[in-house]
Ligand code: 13P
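Let's start with one chain on its own, the form predicted on its own, as structure tokens.
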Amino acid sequence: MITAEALHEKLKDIQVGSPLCRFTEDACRDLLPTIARIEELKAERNAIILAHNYVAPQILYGVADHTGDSFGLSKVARDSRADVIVFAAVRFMAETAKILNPGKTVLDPNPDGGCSLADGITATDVVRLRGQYPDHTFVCYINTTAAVKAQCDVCVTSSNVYRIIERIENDKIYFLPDRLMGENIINHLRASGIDKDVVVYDGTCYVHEEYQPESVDQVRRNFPGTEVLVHPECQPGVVAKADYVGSTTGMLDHVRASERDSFFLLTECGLTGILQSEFPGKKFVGSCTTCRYMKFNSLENILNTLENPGKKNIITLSAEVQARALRCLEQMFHYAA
């Protein structure tokens, strides 16, 4: 059981702009009863908590058994021996855990946690598009519902998207739903000398699409020597100015290995908080953007879900969607190996 002192040690250096991300030792002590009850319920139910890097730090450092990006957490879910998986993130990630673990109970403590990407396309849309592009391999970003994955051929995440697109045998690709990531894929293939016809759906992540190339220029002027780390959901003009492009876990590993001491991250604020905690001697400049959907997660709704899960908290999928979406995810693990 974590102590207030130990929790405060992990959270005290987090300064990402929101008063909700300021942690005194007294504030940490106030969290302990909720954390203790969650830990009791986890033991009773043989449950684990998976938490995406973007959720609140008191979840990441207080109760999460595994933290990471979509791909890493998908692998943890696939290999888990727990009877119950609680996924603190957004709905499509909990659905992904259920696809990979049909015999387990998967709980979403944040059932109203949508995603501008996942909410922007339906299975009906994909069926219609497949009729228009019958020769294309349909590749979906993991930020899609189970029903959409069930209509696609291969799933990708931000950590493996370039590798998988390169390795798919077909030279005709339909990528959905992220238009900006799709444009970055096209630019990557062109720069790598790979000739593929990539058609892109017109969806965006509202967090990442607002970053502008001018912001990178301003940070470089104000903070010379700062490394710029960019998520591939950002627009191509931003990606082109980056020192490093990758997933949240990729960014974390890059900071860990870098000899630089100043960084500008163009992704959701949660990752900046993790890096501030893990590397208090390094500087993280500029502002970050909060994903309202990820921040709907709380210790309280995790506790309530473990104590008394409602119908909306329990992930259920039809047998057909389950089977077809699983094939889509298995193709991701195949190509990413």
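In this text, residue numbers run from 1 along the sequence as written. Since the structure is predicted, the reported quantities are computational estimates derived from the model, not experimental observations.
What comes next is about the form predicted together with this ligand, which is not displayed.
Not displayed here, this ligand is kept clear of Thr272 by more than 4.5 Å at the level of heavy atoms in the predicted bound form.
Mapping the unseen interface onto this chain, Met93 counts among the residues with a heavy atom inside 4.5 Å of this ligand in the predicted bound form.
The closest non-hydrogen atom of Thr226 lies beyond 4.5 Å of this ligand in the predicted bound form. Within this chain, Thr137 is remote from the site of this ligand in the predicted bound form, having no heavy atom within 4.5 Å. Heavy atoms within 4.5 Å of this ligand in the predicted bound form belong, among the stretches 255-263, 80-88, 120-128, 242-250, to residues of 242-250. With contact defined as any non-hydrogen atom lying within 4.5 angstroms of this ligand in the predicted bound form, His208 is the only contacting residue in 205-226.
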